[in-house]
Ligand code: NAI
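Okay, here we've got a single chain as structure tokens, the form predicted on its own, with questions on binding and movement later.
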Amino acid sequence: MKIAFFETNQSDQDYLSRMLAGHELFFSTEPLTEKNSSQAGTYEIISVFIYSAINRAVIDKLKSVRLIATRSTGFDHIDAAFCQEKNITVSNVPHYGENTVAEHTFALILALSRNVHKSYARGLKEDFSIDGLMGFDLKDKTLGVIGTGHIGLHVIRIAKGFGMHVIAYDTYHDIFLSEILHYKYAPLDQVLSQSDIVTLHVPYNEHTHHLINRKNIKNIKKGALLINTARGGIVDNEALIEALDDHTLSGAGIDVLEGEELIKEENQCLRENCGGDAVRQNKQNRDLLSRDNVVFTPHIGFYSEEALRRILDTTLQNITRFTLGKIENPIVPS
């Protein structure tokens, strides 16, 4: 079978080549876009990561493709409804790194609570003073967890190890687990107003776009921290900047940014006329990243050796099952 992989590195390619010996394989380090989709259209299966924008224009060119296997849990980069119209199956990796992302969440929390990033920056300048570096304990603080899926629940387990209180918001309430893990559910505004730290673990879709916005961010407890390791579009950038400016938030730990894909394209925008949204979001993101009370990592919450192997293994399973006429981990458009 003809299978094309996009957004791969040499290690990925070596592993996939060994595991899929006997198939005709194509590898690219670049995302799948409209520019290279005609070539991809000659393959029966394609596999992408999150920076491939699989929209209608791309899908229309995927003439031979019957399966799109995304190597991610989120699938907001794929028009799944249009794929369904075109009889293209879409599969994802539903579970691969609940512990991985949860651990990274606490890396961001601890960097802010103990001023690790500020201390490191001072050390580079041979400044070893401790003025202004007093942190705070996590014990007895309240953590607000927005989204209690696999990652959110693992965050709660870790929080309990730190001796934190936890309140959570989700459209689905797992009362049994809440009793076992000793946390309580509350409305979103209550979670925002009572939490010392708010952390986001919901998928990105039309219902969660700007879930944290200019209206409700004002309800956040004064001086709280906001952590986002989910998707950038869940938080309105303008609202986040305003909350940092007026000290509603004392800091933010972000592994994702609204419009983060535009950062990668900024040099191209210097040569071409980019849309107003691209220019605006790039400006906002530069503003955020320049602040000493913002800790930013470049979407690496998932990026551990073990998680990457689990992603590849699940993707291989999705592909292999499909070649046998069976569908594994399908995405069903809402």
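From 1 onward, residues are counted along the sequence shown. Quick caveat: nothing in here was measured; it's all calculated off a predicted structure.
Beyond the structure shown, there is the form predicted together with the named molecule, which is absent from this document and is the topic of what follows.
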(request) Please run the contact check for residue 258 against the named molecule in the predicted complex: heavy atoms, 4.5 angstroms, yes or no? (result) no
(request) Mark residue 129 yes when one of its heavy atoms lies within 4.5 Å of a heavy atom of the named molecule in the predicted complex, and no otherwise. (result) no
(message) Please determine whether residue 222 contacts the named molecule in the predicted complex, using a 4.5 Å cut-off between heavy atoms.
(response) no
(request) Using the partner position in the predicted complex, report whether residue 171 sits within 4.5 Å of the named molecule, counting heavy atoms only. (result) yes
(message) Counting any non-hydrogen atom inside 4.5 Å, which residue from 91, 148, 199, 195 sits next to the named molecule in the predicted complex?
(response) 148
(message) Please tell me which of 191, 235, 249, 101 lies within 4.5 Å of the named molecule in the predicted complex, judged by heavy atoms.
(response) 101
(message) Please identify, from 249-257, 79-87, 214-222, 120-128, the stretch that has a heavy atom within 4.5 Å of the named molecule in the predicted complex.
(response) 249-257
(message) Only counting heavy atoms and a 4.5 Å limit, does any residue of 224-259 reach the named molecule in the predicted complex, and if so which ones?
(response) 229, 230, 231, 255, 256
